[in-house]
Each structure stands twice: as C-alpha cells, then as structure tokens.
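One chain is shown next in structure tokens, namely the form predicted alone.
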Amino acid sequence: MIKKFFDKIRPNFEAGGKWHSLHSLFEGMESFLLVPNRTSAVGVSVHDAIDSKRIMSFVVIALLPALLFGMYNVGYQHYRAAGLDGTFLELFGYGFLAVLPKIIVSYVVGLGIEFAVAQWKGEEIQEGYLVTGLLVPLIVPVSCPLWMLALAVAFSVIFVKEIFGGTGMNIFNPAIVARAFLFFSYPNQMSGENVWVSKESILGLGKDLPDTFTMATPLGTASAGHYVAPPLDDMIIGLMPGSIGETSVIAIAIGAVILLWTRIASWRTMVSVFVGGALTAALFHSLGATPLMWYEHLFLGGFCFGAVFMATDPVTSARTEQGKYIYGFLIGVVAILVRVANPGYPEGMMLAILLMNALAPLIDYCFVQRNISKRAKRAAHK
C-alpha cells in the first residue's frame, strides 16, 4: 500500500511535475519508509543488508532505554523535590510531557535545516540527523529553554555538518558541539545547582517549585569539596539529578549491548574508554586528588553515555583497528583529568571527546603510515 501510494504521487515530484521543487523531501520520505529499488550502475560496489538509514535506526533503538528512563527520572526528581508521592504513570507522564517538547524542537529545527540545504543543493536528504536529533535532548538539563536548544541545534547542523559537506563529512560530533555551544554560551543555564529539576507543574502533574530551589549533581558536590557518595544502587539505576539521558547505567548498558550485537559500535573504542577512565580515576584517588572511587567516576555524570553513544561515532572516531584503542583510552584519561584538575567544570566527557575528534585523523595517519613502512620493508627484503 505504501509503495503504491509513492508510485502514484512520484510523477508530481519528478522533473516537470508541479511539486518538482520538493523532490528532495519526497526522496527522503520514500527512502525512510521503503527500501530503494535503485542499484549502482557503474563501478565496483559492495552490497550489504544494512545501509546508513538502518544504522541510524538501530542507534535510535539503542537510545530508547535511556530516553524512557530519563523521562521517568525527570518526573521522579520533580515529585521528590516537591515532597509528593506519585504513581509510576504520573512520574513517567510528567517526564514525558517535559522531555517531548525538546525532542520535537530538536527534530523540527535540525531536519528543517537539512531539508532546506538538500533542496538548495538538489541532493537527497541524509539520514544522519535521525540520531543527532535524539542525542541532543538527552545530554542537556531538563530545564534548558526550548529557544536555547533550537539555537544550539541550528549552530551544530550548519557549522558542524553542512559546512563540511553533510553526514559522513563532519570532523566533530554534532551533538557534542551543540552541548558545548550551550555550555560556553549560556553557562548559568547549563551548570550549577538550579538546572537539574523541572520546576513547573505540567498539566496538573506535580506542583510548581520555588525559583530558589536548587539540587546539585554528585559531581557538582564533589567539585565544591563536600561530596557525599550516593547509594550504589542509585548510581546504577540512575535515580539522581543529571542530564535527561545520562543517569542510568542500566539503560545505557542495554543500549551498548544493542550497538555491539549489531556491530554498529566498536567494542575496542568502548572498552578502551572505560579502561582509560578507570585507571586514571584510580590513580588520582590513590593520590588523594579526588574523593570519588574509580567506579564512581565511571557511573556518575555523562561518562557511560559518552563512552557508549558518543565516542563510538563511526564518523568522528578513529577508524583503524589499533587506533581505536588509543583513541578510546585517551578519551577516558582526558575526561577524568578535566574532572579532577578543573574544579570549575566537574564534567569532562564533552571536552575529552571533542579533543579526540580533532586528533582521530592524526591517530589513523600514524597507524596507516606505520603499516605502509612495514610493508615497504618486507617488500624490499624479499
């Protein structure tokens, strides 16, 4: 039925049709709903059962556990701060209504820009923003204003993706750049003790909290010098203040299993991030530089989320197999180093990933050149 519908309206979007100017939009919708029936006509091609659209779809599926738990946690934190008891549906419903507008704004602004660019360039709409559009709302505080989120998304899509040629050509992770744009442009709305809980009642759920209400994250209290370790089960389950999708280790672990099972994410990169972070955190703790145990550094903040969903981005990470070990290990090291050495910035994952995005081509170049030299020496010896 869907195929017949698209076949019927296709002439309107082809050359000479009355809606030819919207050809890119038609191609994008058809490609999203159906498998394209076009094949390569010339050149050597490798045909696989998975394409970029399906890769993006699997990543979105992997993000759903973190998204759903994040919605519940938003409601849980609000009801807890208000001193109210609520059912599971009330807590989840509050969080759903608080988070949904951010997702809508992210997709409307990001996809709107990509649609406009595709029309202007006469190209097909790319699928890359399917993941970025969901990542951005998950890595910001629940109190982030919608206009601010829209501005960050527009900046990221235009100056991080499109200016470099679109999906697959960007040097930096667009979602991380959107968060960095917000952090450095509007630090008061992205950090501190008053941004982690939604303060307004939504459709009669919960109640308004006073503007002076504050609630710090565990990493925030540690950087302020009065850290009290939260219960281990809260750290693993994720019932604590933080960005919408970054608090639950269990939900993120489910996503990691999906990405590794489908072979979309590299286990080399993912494991190396945790190894680098754990060793560095253990070293600093043994020296008395941080009150957090090594596992607390991994469980708190955005470390797990960044290691699973950000560091493994196939476009901006290292692509050589050996280079992935170095790339991931250095992300873990730099993230903990920023946390411990800079008390004004308790979360270091964002800066670590951005730094290693810039160095990933150099890491790959070194390993490629080393392999070329080895092969040249073997050939000369023979």
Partner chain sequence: MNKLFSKENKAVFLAPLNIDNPILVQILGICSALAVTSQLEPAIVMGLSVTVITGFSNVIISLIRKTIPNRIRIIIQLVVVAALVTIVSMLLKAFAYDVSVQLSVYVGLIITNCILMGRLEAFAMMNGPWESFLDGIGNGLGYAFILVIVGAVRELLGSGSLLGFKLIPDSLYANGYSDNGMMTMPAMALIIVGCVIWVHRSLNKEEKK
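Numbering follows the first chain given and starts at 1. What you are looking at is a predicted structure, and each value in this text was computed from that prediction instead of being measured.
The discussion below concerns the form predicted in complex with its partner chain, not included here.
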Its partner chain in the predicted complex: contacting segment from 132 to 140, 232 to 240, 181 to 189, 280 to 288, heavy atom within 4.5 Å: 181 to 189
Selected contact from L298, M148, V105, M270, since only one has a non-hydrogen atom within 4.5 angstroms of its partner chain in the predicted complex: M148
In the predicted complex, the one of F274, Y79, F155, F92 near its partner chain [non-hydrogen atom within 4.5 angstroms]: F155
Exercise: F159 in contact with its partner chain in the predicted complex, heavy atom 4.5 Å: yes
